[in-house]
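Coming up is one lone chain in structure tokens, specifically the form predicted on its own.
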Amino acid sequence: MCTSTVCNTKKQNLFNPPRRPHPPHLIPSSTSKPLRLGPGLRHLPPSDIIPTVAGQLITNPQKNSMWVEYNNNRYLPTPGDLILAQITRSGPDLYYCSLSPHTPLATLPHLSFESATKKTRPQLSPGSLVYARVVLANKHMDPEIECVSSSTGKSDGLGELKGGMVFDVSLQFARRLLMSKSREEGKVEVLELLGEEGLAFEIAVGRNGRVWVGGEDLKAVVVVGRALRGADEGGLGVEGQRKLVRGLVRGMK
């Protein structure tokens, strides 16, 4: 399962203090799409974009979106985020899901799956894992997530994740992994390097700092997880990641 939500991103060498409006020339100005604000930003009417945290401004002109890259151990749900959620319980029409230890339980409607009806919807038990998209998130309501595209009615890679293992990574590392050009822009080569070594695996990356790795070879799954954790926790650059992967693959043989 491949994950990709960010493409053609631009990193601005700007570390704007919180509550100071961003200069207008740094804000994407597409006329065909509404401006999407991600983590670390909020709109102050009529036209100011205010950072809520200190960090590096990232813009995506193609998707007319922007957010602040910053180090924070607490995940804040944002509409459009791809996340890994664990089912905690089921109500009459909703599943209640955990996104992180510090986030209110999210709701997942029973019918928010591809071709789901009351008779055909997935029967998920507590502990089940789903790959989902955040639909609604604000301070007045609990987050809502979905496992189907509201525009196409297709799953688009979302849904229940069976088997495999889940690994925790930092929120910043998860955002780098989700870049469509993670190798060039995020400076993360771990996954490509593991594939070049012949490892076969599936992966789903959540913006909430959870990564699911699946595959038929349990050793390969463990190695992928160790490589991701090692690159993240060690703050490894490209060369360090290559050494890490070579050492882990040698250990499999």
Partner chain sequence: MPREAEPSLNERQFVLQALQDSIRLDGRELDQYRPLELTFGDQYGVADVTLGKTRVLAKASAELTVPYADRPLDGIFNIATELSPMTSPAFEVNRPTETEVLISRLLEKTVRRSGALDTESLCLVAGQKCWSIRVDVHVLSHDGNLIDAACFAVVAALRHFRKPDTSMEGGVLTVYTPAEREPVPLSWLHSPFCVTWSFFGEEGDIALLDATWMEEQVRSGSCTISLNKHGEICQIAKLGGVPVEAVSLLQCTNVALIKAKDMSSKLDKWLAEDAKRRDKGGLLAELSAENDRVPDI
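Residue numbers count along the first chain shown, from 1. Just so we're clear, the structure is a prediction, and the values are computed from it rather than from any experiment.
Just so you know, the form predicted in complex with the partner chain exists too; it's not on screen, but the next bit is about it.
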Which one, 114 to 122, 101 to 109, 171 to 179, 137 to 145, holds residues whose non-hydrogen atoms are within 4.5 Å of the partner chain in the model of the complex?
101 to 109
W67 within 4.5 Å of the partner chain in the model of the complex, heavy atoms
no
Could you confirm whether G157 comes within 4.5 Å of the partner chain in the model of the complex, counting heavy atoms only?
no
So in the model of the complex, is the partner chain close enough to L129 to count as touching (4.5 Å, heavy atoms)?
yes
Looking at the partner-bound form in the model of the complex, is K219 within 4.5 Å of the partner chain by any heavy atom?
yes
Please state whether every one of the three residues L161, M165 and E233 places a non-hydrogen atom within 4.5 angstroms of the partner chain in the model of the complex.
yes
